[in-house]
Structure formats: structure tokens, C-alpha cells
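Structure 1 and structure 2 below are two forms of the same protein chain, each written out on its own as C-alpha cells.
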Structure 1
């Protein structure tokens, strides 16, 4: 499963290819979050020169997957709870606006296509009832379509080109295949309705609530996990 973002163009140069591999490695956690990056080591591993590697690193920095300090080096970004919440706040703002713009700017064909997609997902959903499939692919499909429907290059670039890599990273690392599938589906359905009605204000509000709900869901889950770990620690000490 790749789930590449829809704005990306074919990787022609070797730096492009290495960038994609590194991106995958970081998102999937093969390169640990927060770990230091050794340019000579990585260059050797991918059999490329440091110049080419640095080109790839620059693109990783562009989508906020690594951080660089002058004369010190690069690190993979680390996944913190605060970072995750900040990311979702930003996402709420951007995707909410994208949804409003989609309601204003989507062509009728695009709207129809989205509705088709949703009914198709409904079939899949009924079929394998609540399986993570919808959450993974269907969810991303939906959100990408809305974002692209905004017809706003700035929004599209910021969300698809930058934020979503980080979101995927957090999803992988925190193991977030949250069991909101059926509820999310209903929310998606209402959002599409608002877009079809060309009701930008409602569309934005619904999208923001949709994302906020997702954020709160995660927040709950994580705080519970932390509580669980604390519990384990205490039991470990007792025994």
C-alpha cells in the first residue's frame, strides 16, 4: 500500500527516487523518529554521492519530515503528542477552508464523482463491515478529493505536499487505525451533501468538526495508553 499523494509527479532524477524511499522509511518508522541522520552513512547505503543525498534531504525538509541545523546535521522529526495536536489544529484550519472552497469551486462532474466514490465505499463498507480498509484508503481518497476540489493551488500544496506526509507518519507511529470507520463515513456523507448544495459555510464547519472529532479521538486514545503504561509500571514495581 502506497497511498501516494495525488499531486506528486513521477520521480525522474535519482535524488527524487532516494527521496521517496527515505520518505517511506521515515513515515513507516524504519528510520526512528528523532534519530540523527549521518550523511556519509546514508549516501553509502543508497550508493549515491552526498550531493545527491543532500538534494533528497532538502525535499524531506520541505515536507517537515526532517530538521536541519547548520554545521550540525539533520534529524528525523520526533513524534510528540503536542506535535500531533498542533498538526491537527493546523489541518482543521486548512482543510476546513479547502472544504469551503470545494463547495464553491468544484465542478458538477467532480461532485458527482465524489458521490459515486462514496456509494462505492458504502458497498465495501457493508461488505467487510468496519474493517480498517475504509479508514486507510477510503478516508484518504475522500480527503484528497475535497482538497483538490478547492482548486486552490496554495491550499493543495500545503496540505497534500506538506501536512499529509506528517499525518501519515503520526498514523503509522502511533498506530492510529481508529475505529471511527462507520461514524467517519456518515460525516463524509454529510460533508459531500453540503458541497453538493454549494453551502460553503456548512461544508467548512462540518469538515472542521470531522477533523476535530478525529483529533479528540486520538487524544483520548493516547492519554488512555499513557495511563495504561503508568498502571503497568506500578504493577511492575509491586511485583
Structure 2
């Protein structure tokens, strides 16, 4: 049974359309992380009523893309290091379970489509050069397809409906370049093979290890950047 995809619901109302436009602007960094949201300005920009705008903002808050506080107003979420690491820990648990479910519930056709998608990914020059492994959102995103393949509506709503765009926001704003590009692709290949073999236990373990390795890579990258900044400060003082 195909389940409704929370990230691809057709925009019907004005609030739907504004929600999608604001969502894109936040994820892609057009609206800066941590920036204050002016409801009067947005209502004027989109030529909509304040009530329609608030409906769109309510949905953005549910996706964890904005924060709203009484007597303070709305603000785009901040992309913090702590928030990023917490998000990866959450992903490790939820996507691991989704992967186990996918091994049980994915159709043979869905598995074949994912294998074709990885073949398409393999042709990307940045990946071949080992520089970056960038995946377009939605149907060309490996993790997204695994989650949908779980056929578990609760997991799909939790990850795709509430966390998916926040994950993409962090990906966009923290950069895609990674020394793990080639290794991440190989890990994806082993995960889909476990799913194809209907080995849910192995599929879950591989997915959890894959996301944990990405988290550790980020932690190492951040540690190096902090150390470099401290070194630059010392050199400035000495000079």
C-alpha cells in the first residue's frame, strides 16, 4: 500500500503555496538562520492576510524550521553545532528502524528503482572525484527513498513530515564537501543490498553505522575548525 508522502502534498490553498515558498527560502539559506521574521512584511510581500500567513508559519513550526515565542515573535531556527549533532543522533535511531522496515516492506520494483538511482549517483563528477556526494531532494535522495520504502506511516510522518527539511537545511548551510563522499556512496550500496536480501537486522545496523560515521566526521571537522581558529588567534597575538 502506497502511503501519502508528507513532503509532496499538492499546494492547493494560498497558505500551502506560501508555506512551500518560505520553506524553500529557509532551507536554501535565502532567509538566514536565526533571522527574525516580520509578519507584516511577509504578509505585504506575498499579498496575503495575516491569518493566512500564520497558517503557513504554523506548518513551518511543525517542521522545526522556525521558532515562535509569545511576546517575542517568530524566528528562523539557528543552525547550531549542538542542534546538528542532536539531529544526527535522532536520525540514527529513526532511519535505522525505517531501514529495517524497508527490508520487510519494500516491493521488488522499489528496490530496483533505488539500485537505478545509485547507478545515477555514481555518474556524478563530484562523487567520482571524491569531493562531495550531493543528492537532490525527494526522489533522488537515498535516505528519503528508504524512509518511504518502510511503508510505516508513523516513521514517514516523523522523518519526512517533521525533520526532512530541517535535515536538508543543515546539509545546505554546513556545506556538502566531505572526505567521506566515496565511502558514503559505498555504504549506501551495501544498505540497499541488505534491503534487497530482505535482511532487516543487517540493513538497520548498516544504516545506523552510516549515520553515526557521518556524525563523527562532522564532529572531527568542527574540532579541526575550532583548533584552526584558536591557532590563528595565537598567531595574531604574537604578531
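Positions refer to the first chain, counted from 1. So that the term is clear: the rigid core is the largest set of C-alpha atoms that superpose within 1.5 Å between two forms. This structure is a prediction, so every number in the text was calculated from the model and none was measured.
**Q** Specify the structure that is the form predicted on its own; exactly one of the two qualifies.
**A** Structure 2, not 1.
**Q** With both forms fit on the core, is the shift of the CA atom of residue 223 between structure 1 and structure 2 2 Å or larger?
**A** After core superposition, the displacement of the residue 223 C-alpha between structure 1 and structure 2 reaches the 2 Å mark, so yes.
**Q** Taking the rigid core as reference, does the Cα of residue 119 move 2 Å or more between structure 1 and structure 2?
**A** Yes; residue 119 is a residue whose C-alpha shifts (by 2 Å or more) between structure 1 and structure 2 when the cores are overlaid.
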